[in-house]
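Shown here is one chain on its own, the form predicted alone, set out as structure tokens.
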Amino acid sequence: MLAIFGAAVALWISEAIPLAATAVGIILAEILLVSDQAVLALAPQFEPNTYQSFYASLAHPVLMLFLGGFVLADSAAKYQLDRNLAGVMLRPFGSSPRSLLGGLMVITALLSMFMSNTATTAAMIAVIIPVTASLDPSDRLRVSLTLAVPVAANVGGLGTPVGTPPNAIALGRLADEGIRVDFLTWMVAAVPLMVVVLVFAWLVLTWRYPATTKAVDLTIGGAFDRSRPAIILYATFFLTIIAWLSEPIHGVPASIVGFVPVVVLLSSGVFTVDDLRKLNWHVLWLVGGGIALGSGVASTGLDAWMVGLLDWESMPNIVLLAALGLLAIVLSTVISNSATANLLIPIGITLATSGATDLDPLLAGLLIAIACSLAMALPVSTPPNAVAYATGTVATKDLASVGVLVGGFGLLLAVFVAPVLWKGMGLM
């Protein structure tokens, strides 16, 4: 298992093969080497996982939750629900550059909470391209509007379990430890942090990129599609969100709620088989491989062995949290945040459950997931950054300066402020 873990680290960091290939390779390696069907003789005291349990990682409840989010997001893009909603929601913010920038960030973050942050960024970039094209080339508002989209999408992804893959990976590992976190509980923990970081990001963008124009001509979005498939989508989209938010009332797990729109939209023809082929299956496989990696690390005792290499008891909790958060944000800056979460979340949660420290496992999982999503300093750090960079309006130095400030501020909040708030709210 240590060899499998080491190979995963090397391949995810080097990207010598596609990230999803590494993920499914992990599952095959675990089946062949550490399952009940291993080709090598295992120690008699070792009780291996069944090979079916490793395959089952590709249909983990968390993946079904994410699948539902992907289907809803792609359906919204297909019927331009995202763009039309953005147009309607931006109008109240008026034509002032500062208020328009703030409105753009709020709407992007809200959409990113329930849709893939990559899909949200693509939709919102398409929305603001006509606006930036109408501005003077020397007006720095062009840069701030374009930068605002990936920053807000990354920060907004913190808010819900379906916002970004690291959240799903943390939920999956916590579930394996018997810690169930419902949709609303995650939001209660993450949304306050998300809001503060979003406000800080708005202040940074307005400070670094002051607008020269006094008013912006805003004509965004068209008429909502009123066809039968579009109406079915609208109803399904909003009912799913309501069901997610009301999970503590009805008790139906978010993964089951998330699977319902998959069936409804496919059965009604709103989402077709051709649409299904275009889903980001590689992301689901990446998350599934991470869940399998965490399961293998735990079942073989590798996590306990790795945690036992250091004297954690002599290290203050705040130092542990800072180290985990800093490592997560640094790694996520240069490799996929999903890959980083796959590597660090099993170790962090095991550290919290091992008895070597008095860290709360929920705190460890939340912190690492949040830190992974706060890495946004390079075009390669996250797909939303790459989408914005591809417009040619922002340079790498723009992403780096804003990403370091926003990510660093968010990490400080996550390490030093959020744990106090979460404990005060009774979440820990």
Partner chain sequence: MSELVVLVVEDEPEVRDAIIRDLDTYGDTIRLVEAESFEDALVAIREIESEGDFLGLVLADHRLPGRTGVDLLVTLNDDPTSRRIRKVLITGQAGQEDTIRAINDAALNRYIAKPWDAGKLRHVVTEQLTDFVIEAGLDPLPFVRDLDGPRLLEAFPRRGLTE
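Positions refer to the first chain, counted from 1. Quantities reported herein were computed from a predicted structural model and do not represent experimental measurements.
Just so you know, the form predicted together with the partner chain exists too; it's not on screen, but the next bit is about it.
J.: Pick from 200-208, 120-128, 178-186, 243-251: which stretch has non-hydrogen atoms within 4.5 Å of the partner chain in the predicted complex?
T.: That would be stretch 120-128.
J.: Only one of S255, T333, T236, S338 has a non-hydrogen atom within 4.5 angstroms of the partner chain in the predicted complex; which is it?
T.: The option sitting close enough to the partner is S338.
J.: Tell me, out of G296, P165, G348, G156, which residue has a non-hydrogen atom within 4.5 angstroms of the partner chain in the predicted complex.
T.: That would be P165.
J.: Taking the partner chain as it sits in the predicted complex, is L65 near enough to touch it, meaning that at least one heavy atom pair lies within 4.5 angstroms?
T.: Contact with the partner chain, no.
J.: At 4.5 Å between heavy atoms, is A390 in contact with the partner chain in the predicted complex?
T.: Yes, contact at 4.5 Å.
J.: Is L286 one of the residues lying within 4.5 Å of the partner chain in the predicted complex, judged by heavy atom distances?
T.: Contact with the partner chain, yes.
J.: Within a 4.5 Å heavy atom cut-off, is H282 in contact with the partner chain in the predicted complex?
T.: Answer yes; at least one heavy atom of H282 falls within 4.5 Å of the partner chain in the predicted complex.
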